[in-house]
Every structure is written in structure tokens, then in C-alpha cells.
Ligand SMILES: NC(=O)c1ccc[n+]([C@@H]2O[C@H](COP(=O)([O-])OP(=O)(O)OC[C@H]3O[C@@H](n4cnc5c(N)ncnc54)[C@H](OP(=O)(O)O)[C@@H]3O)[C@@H](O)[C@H]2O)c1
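Just one chain follows, in the form predicted on its own, and it is written as C-alpha cells.
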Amino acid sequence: MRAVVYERYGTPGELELRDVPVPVPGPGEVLVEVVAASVNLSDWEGLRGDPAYARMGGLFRPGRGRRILGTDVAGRVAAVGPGATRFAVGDAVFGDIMPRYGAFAEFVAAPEAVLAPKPAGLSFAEASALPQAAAIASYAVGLAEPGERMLLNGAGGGSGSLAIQLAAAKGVHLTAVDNADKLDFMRELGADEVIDYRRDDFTRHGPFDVVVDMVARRSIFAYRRALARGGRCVVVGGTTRAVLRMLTVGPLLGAVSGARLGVLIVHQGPAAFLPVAEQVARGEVTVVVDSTYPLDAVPEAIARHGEGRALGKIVIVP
């Protein structure tokens, strides 16, 4: 089969399209013929090996089981491993196969427990764009109550584009932050206010009841400045330094200032993304697909994502 492989951390230029063996599904696994797979921040970080926590699979080079990127996948079951009983050959499925990778290929083996039947109302491209993004968006918006003020940094990407819609439907007043090219896009999705982070310091706005940062790089004290008393701030990704400070100093600063600061913990699995997928299938929420790329253009796709140019999700179609 064809797959996009990399042997060392670096730029998208490290990625190569190769012929590799088709994986064999193990106990409790199924082999999925990939119809679509979407690009996530974890792919950009895994390729670069940065932040440091992206090297958990291999300190100096990616581990053998992590040399094909891609975790969000949608496709059809091509074979069933020993003891796997939830799906049959031909079933349309989708899911997030993290912590393993492998979806930027024609086939990938995955535990059946992380997959769900694809709703008939979703295209394979839409389904592949949902698992990680929908889980993060629903957990993030779940922190805010109707009528509260919420700020979301990194709101123009996959998770953010869903979170804006979920917040609007819930009656949360949302301030969306991203680069200038995404401001109109975020307004159209339902953001109440928008900020270009390159021209304006979003931590000097507010106060906000909830702050969620998808790409944390700011001082923990800057986040606290943006919060109302009793407010909540969580980060989803970002620099190792920012994440570690939120894990260690965050609870201490929160205890003395009446706020709560930490890292957003998102549970994986179908229960985390199926509710949003069902909303999409009913037409209540829109999956924004920025663009689609074939396997041989994965380097360009990941570069577009990593450089912050995508409006919504980028999808790979083998």
C-alpha cells in the first residue's frame, strides 16, 4: 500500500510517499481502508518533534510505530482481527486512533473500541474531520454556561470552528482569536467578537468567565489578568513551558486569586465525538473543510495547517 512516512523529526520535507506492507489487524482490531483522514495539530507537532511532549514515541527520532502520521480517520472495514466483533467487512466507520498514528495511508489497523459507525448523513471527509476536533470543542464549550463570556484563542481551525458554533447555540458570548485572515470567517460562524492576535493582546480584554487557548504561549499571569474572579482558564496545546506552568503554577495561582487555571483534559473515544457528529448529520452544526489533498501532497497539507492558514479542517483523501 502507499503511505506517507518520515524517519526523523523536521519539516514537511522529511515526508516521503512510499510503498509499505499493509498492516495486519491484531486482537480486537480491524483493518480500515482509508477513504479520508484529517490533519491535526498533533500531526504538525509529531512531525517536528516539538513541543518536547511530541517526542514521547521516540526521543531522537519517531518510534517505529509512529512513522506514518494521521490519527483522525474515516473509511470502510477491510478485515477483522481476532476477537473483534463490533464491525463487519464493508462497514463505514470513523474515529480517532491516537495515541497510535497511521491514517495517512491507504490502510490502517485500529482498535475497534475507538471507532464508531459513520452516520449516513456525513460524507467520509466530514467524518474524518470530526473526532479530535469535536471532542475538544465540546469539552471546551462545556466549561461555559449560557450568558457567560468566553474567549477562544486559535478559533479559526478545526476545533475552533466547531466550538464557535456550539457556543453560539448554547448562548455563550464568544470572543474568537486568530490571525487577521480568519476574522470574517469566525464572525460568519457566529463569534460575537473577534481579535487578531498579531495586532492586539487578547489577555488585555475581558474579563472573561472562561478562557480556552488551543496554542498556549502566554504567561500564566497574562491568562489570569484576562479572567473574571472565579473564572476558568485551560490550555489545550502549546509550548512545553506554557503547558508545564499551567500544570504546576496554575493551581497555586488559582488558589490565591479565586480563579482556576489548568490543562483541558479531553477523554477520547466515540462518546466524546459522536454527539457533535450527530448534530452535523442533523444539519445543526457545519463541518468546515478548508481543502482536500491526495497522499502525495501531504507535505503541503501539513505545512498549510502548521502555518495557521487553514480555515477549518484539512482532509487527506488517499
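Residues carry their position along the shown sequence, with the first being 1. Quick caveat, the model's predicted, so the values are computed rather than measured.
Just so it is clear, the following notes concern the form predicted together with the named molecule, a form of the same protein that is not shown.
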*Tell me the stretch among 164-172, 87-95, 105-113, 146-154 that has any heavy atom within 4.5 angstroms of the named molecule in the predicted bound form.*
146-154
_Let me test this: is every residue among 125, 289 and 316 within 4.5 Å of the named molecule in the predicted bound form, going by heavy atom positions?_
no
*Given that the named molecule is left out here, which of 248, 219, 179, 240 has a heavy atom within 4.5 Å of it in the predicted bound form?*
179
_By the heavy atom within 4.5 Å rule, which residue out of 234, 80, 215, 194 makes contact with the named molecule in the predicted bound form?_
215
*Distance check, residue 136 to the named molecule in the predicted bound form, heavy atom within 4.5 Å*: yes
*Does the named molecule get within 4.5 angstroms of any non-hydrogen atom of residue 38 in the predicted bound form?*
no
*Please run the contact check for residue 45 against the named molecule in the predicted bound form: heavy atoms, 4.5 angstroms, yes or no?*
yes
*Can residue 75 be called a contact residue for the named molecule in the predicted bound form at 4.5 Å between heavy atoms?*
no
*Can you name the residues of 236-268 that have a heavy atom within 4.5 Å of the named molecule in the predicted bound form?*
236, 237, 238, 264, 265, 266, 268
